[in-house]
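In the block that follows, a single chain appears as structure tokens, in the form predicted alone.
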Amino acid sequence: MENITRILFDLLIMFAAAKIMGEIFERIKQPTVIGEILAGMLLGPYIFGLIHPLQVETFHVYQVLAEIGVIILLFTIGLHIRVDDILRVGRTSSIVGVLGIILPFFFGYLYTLTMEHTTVEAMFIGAAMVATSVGITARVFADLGILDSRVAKVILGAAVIDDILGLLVLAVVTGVGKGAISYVKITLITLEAVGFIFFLIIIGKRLIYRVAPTLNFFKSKNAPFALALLLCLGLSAVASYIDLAAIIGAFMAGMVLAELNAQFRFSAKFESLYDFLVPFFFVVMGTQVDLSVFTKFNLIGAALILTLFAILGKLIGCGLGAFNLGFKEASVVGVGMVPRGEVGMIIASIGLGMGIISTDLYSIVIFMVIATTLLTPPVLAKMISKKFVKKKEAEKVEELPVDL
């Protein structure tokens, strides 16, 4: 009973703080997501200490809620992106995803070697550099109302590819850290991930049209909403089971259902769920930000340089991959792929837990993750002027270059 009371009280504080900080940032014309992350930092162990990651029994509940929040976020994003839209920017997204992995990895790898660390340590830092937290960028695009733009579709498509390649990099690096690489495991991960995505893209679209007429036969209230939520959670679970990020399954579920979005008004029906759950993801992310990193002055220089390489790796790699869109949109794609978010933290924590990277290197990576996560939304919002937004909102899918 005591834990339930504590959890309810904490959820009240987290939600209230997220909405208050979000409102403040909205009024000063800054992305709401930054306010929500800062709300988590304020509530976290380094300022007010109201929400503490080390409180395992209760914090685990918040992490689950946060995971559901980001699943709903990516599912809702997917509802605005049709399969055909992603296919039309397929080649561009693929190039963005590949270059967005290669350059950051080698930047992090080579810089860590120059700091006189081992090859295995350098590989783990490189792996942490390749991650992209698409939830941050997707939220900014959603707030700006440009999810239907070409640049948003390129970034979301690249994020799927980025996740698959990043997963393979992590599998290789973890294998090296343990002293043995399982090529069988790497092959299985690749086949499962590619098969899962292609099945949903090719078969899922056809199946959904056959299922749609049956939704009108259900007598239950909001049956289409319930079935959409089942598909969202189901594909998220499948994606997680095959070692893909759960959010990829959620995004794919939304993308498949995008064909029926207008007919069944899924976006409107999920709006309240979105408003309630999504802020928890960013607040919980904020509570895990280790502010003590900023007090270790001997690490600040190395952390700043690694952060610079992290930004340049995505900006140059992803920007070059999207250069056929024009300089302005390529720049937006590059910046949009910069935030590392919780993905970078997870990779760094794996390396620390295995005893492969030192606490100093872990702190440097956390600094990089914090900086790229906090810097991206305001820069992205600044880059996307009102004129750019209007132009993208008016852009029709039929006008997109087919570059499969």
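What you see is a predicted model; the values in this text were computed from it and never measured. Residue indices: 1-based, along the sequence shown.
From this point on, the text means the form predicted in complex with another copy of the chain, which you will not see here.
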- Contact check for Leu103, Tyr111 and Ile305 against another copy of the chain in the predicted bound form, heavy atom at 4.5 Å: no
- Query: Looking at Phe264, Phe309, Phe196, Phe270, which is the one with a non-hydrogen atom within 4.5 Å of another copy of the chain in the predicted bound form?
  - Reply: Phe270
- Note on the structure: Heavy atom within 4.5 Å of another copy of the chain in the predicted bound form, from candidates Val256, Val238, Ala122, Leu325, belongs to Val238
- Please run the contact check for Leu43 against another copy of the chain in the predicted bound form: heavy atoms, 4.5 angstroms, yes or no? no
- Task: Examine Ala226 and determine whether its closest non-hydrogen atom to another copy of the chain in the predicted bound form is within 4.5 angstroms.
- Result: yes
- Message: Given that another copy of the chain is not shown alongside this chain, does Lys221 nevertheless sit within 4.5 Å of it in the predicted bound form, heavy atom to heavy atom?
- Response: yes
- May I ask you to state whether Gly175 is within 4.5 Å of another copy of the chain in the predicted bound form, using heavy atom distances? no
- Out of the stretches listed (188 to 196, 310 to 318, 291 to 299, 227 to 235), which one is close to another copy of the chain in the predicted bound form, meaning heavy atoms within 4.5 Å? 227 to 235
- Considering only 13 to 38, what residues come within 4.5 Å of another copy of the chain in the predicted bound form, judged by heavy atoms? Phe15, Ala16, Lys19, Gly22, Glu23, Glu26, Arg27
- Message: Distance change of 3 Å or more between the C-alpha atoms of Met255 and Arg139 in the predicted bound form: closer or farther compared with this structure?
- Response: farther
- Query: Looking in the predicted bound form, are the Cα atoms of Leu50 and Arg139 closer together or farther apart than here, the change being 3 Å or more?
  - Reply: farther
